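Have a look below at one chain only, the form predicted alone, in structure tokens format.
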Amino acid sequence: MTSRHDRELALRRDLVEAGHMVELPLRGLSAFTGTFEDVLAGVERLVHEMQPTEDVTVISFPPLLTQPVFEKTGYLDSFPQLIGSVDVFTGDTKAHKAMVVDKNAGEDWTTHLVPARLDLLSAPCHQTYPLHAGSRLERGVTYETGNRCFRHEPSDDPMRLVSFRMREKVCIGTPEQAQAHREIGRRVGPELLTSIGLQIEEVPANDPFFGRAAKIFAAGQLDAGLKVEFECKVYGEEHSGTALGSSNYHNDHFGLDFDITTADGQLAHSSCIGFGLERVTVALFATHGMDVPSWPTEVRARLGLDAQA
């Protein structure tokens, strides 16, 4: 049996040789070219058009969180292995000279930097909760947002990038509203992916918690059925699938952390439906081949690719 790692390397090689991906000097960082970006844009449009579409606020944010907001998300407590923060230079001319001397000598010049109190975004939904911090929602709110995210998990797998794009629809409201949103995601997520020719299985999932309590947290998330992923067997039936998207119910986690309440004074609940845009796009090339004009007509039409020909 061909190992999963060998299959990952083969898919990466195929993408590079076809001109869709350009390898960069660090594992987990890649550049993508025009045809790949055309497909990705089609995927992003389909996410935008899927339910829910009524009363949804489309909003964009920078790919950074201020440190106080980042701390409130709980990401530092649960996933320290994935985080990244920003350091900057604030010194004078003398300090700059010392930094350059260290750089030219091959020393660690980053010791001359100081924290900017900014952290790299790990999930687009994290930007939405601060909008309602300390407030009471008279009715539920739904956002659509997307961004370039960072997670420090370098890999040879072209499906697992350090820097990648996500598109999400986020609901903040009563438990009933958040749960209904999550259930919409369980239906429309697989529908979207199968409509472009991908074989999808819904799988109960847990996040990659860190530390001594990781197994307990993961088991609790699985037992409560809070997260489901839409997996595709990109590397063959004999290997585990890769999540292309997910539908998640957060309970009152973010309501508690950001002090958001509903009209009845109870803590707000939240849920999100999200897709990794590069992951879906790579899965399309792995499934349909590297030559986009040879893809099934209905797939090209769904992605709006024929109109660009």
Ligand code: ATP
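Just count from 1 along the sequence shown to find any residue number. Remember, predicted model here, so these are calculated numbers, not experimental data.
Missing here is the form predicted together with the named molecule; even so, the following discussion is about that form.
- Listed stretches are 232-240, 140-148, 83-91, 164-172; the contact stretch with the named molecule in the predicted complex is 164-172, by a heavy atom cutoff of 4.5 Å.
- For the options His132, His112, Arg160, Arg186, the one in contact with the named molecule in the predicted complex, meaning a heavy atom within 4.5 Å, is Arg160.
- With the partner omitted here, the residue from Glu153, Glu71, Glu202, Asp102 that has a non-hydrogen atom within 4.5 angstroms of the named molecule in the predicted complex is Glu153.
- Among heavy atoms of Lys227, some come within 4.5 Å of the named molecule in the predicted complex.
- Within 4.5 Å of any heavy atom of the named molecule in the predicted complex lies no heavy atom of His250.
- Proximity of Val43 to the named molecule in the predicted complex: non-hydrogen atoms within 4.5 Å are absent; the residue sits far from the partner.
- In the predicted complex, none of the heavy atoms of Ser30 sits within 4.5 Å of a heavy atom of the named molecule.
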